[in-house]
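In the form predicted alone, a lone chain appears below as structure tokens.
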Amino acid sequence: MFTVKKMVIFANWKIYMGSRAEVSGYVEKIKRNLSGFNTDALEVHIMADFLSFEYLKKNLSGTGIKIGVQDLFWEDSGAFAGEVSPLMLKDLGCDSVYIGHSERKLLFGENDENVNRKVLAAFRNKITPLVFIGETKQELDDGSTEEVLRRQLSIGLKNVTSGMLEKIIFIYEPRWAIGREQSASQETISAMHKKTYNLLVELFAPESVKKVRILYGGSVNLENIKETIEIKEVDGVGAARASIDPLNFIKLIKIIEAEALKRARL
């Protein structure tokens, strides 16, 4: 019986996959080389592009890996050309969705109000939301990180109950660390995770916040994952480019599984 929080790792595919053959090859390598992992200690998600989602859901069934997507619309149905229905995702067995990624904000005008609508849509359709928060380089430099995180959380979690909060997986991803060779320092990650936790305590009952998991994202790779997950405030990681090679992703899974089992023994 595990009494510590279950750790999490997710692969963020973005749109790196260029063909169904590439997706099929990824799946086959995962099935052939991943001997399993302790699902009591670790959650593994692949956040697929929409075109690959259903294929992954069908062909990775039984592996313990949860299959999610990278966005959804806040209405279940209607005249919203080009959007993706959370109701349809629910029907297809979608496990999770990430919301508020910095690229959605930077390139597609995502704002905190839309994040909130999508979080509520995910809960309405029994899909686990993974919610991104984080500051830009300018916001870091001018000392407004705490103000930014407070705004993202207070607006993004409007009308979210304590019971719902416990099911949300947060990802602190400093926008200035994305795509770099090195992630943020251990000291920065620890401080920002503590800050996020304390901001959540301001908004919700402390007992509910104790169960919340806060991951780190931002240039996570095989070289830095161990030092990242050794930070006690870090409950897991999201990996993008490092997860596109399925054998690398399996190595990441095994490293974080070892940390999860170590925490369970403490």
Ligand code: PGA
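Here the structure is a predicted model, which is why all the values come from computation and not from measurement. From 1 onward, residues are counted along the sequence shown.
FYI, the form predicted together with the named molecule isn't displayed, but the following is about it.
Flag residue 69 as yes or no: does it have a non-hydrogen atom within 4.5 angstroms of any non-hydrogen atom of the named molecule in the model of the complex?
The answer is no: residue 69 has no heavy atom within 4.5 Å of the named molecule.
Classify residue 31 as contacting or not contacting the named molecule in the model of the complex by the rule of any non-hydrogen atom within 4.5 angstroms, answering yes or no.
So residue 31 does not count as contacting the named molecule.
Flag residue 178 as yes or no: does it have a non-hydrogen atom within 4.5 angstroms of any non-hydrogen atom of the named molecule in the model of the complex?
Flag for residue 178 set to yes.
Does any part of residue 251 reach within 4.5 Å of the named molecule in the model of the complex? Heavy atoms only, please.
Judged by the heavy-atom cut-off of 4.5 Å, residue 251 is well away from the named molecule in the model of the complex.
Kindly indicate whether 103, 218 and 239 are, all three, within 4.5 angstroms of the named molecule in the model of the complex, using heavy atoms.
Per the other structure, all of 103, 218 and 239 touch the named molecule.
Pick the stretch from 170-178, 73-81, 107-115, 149-157 whose residues have a heavy atom within 4.5 Å of the named molecule in the model of the complex.
Answer to the contact question: 170-178.
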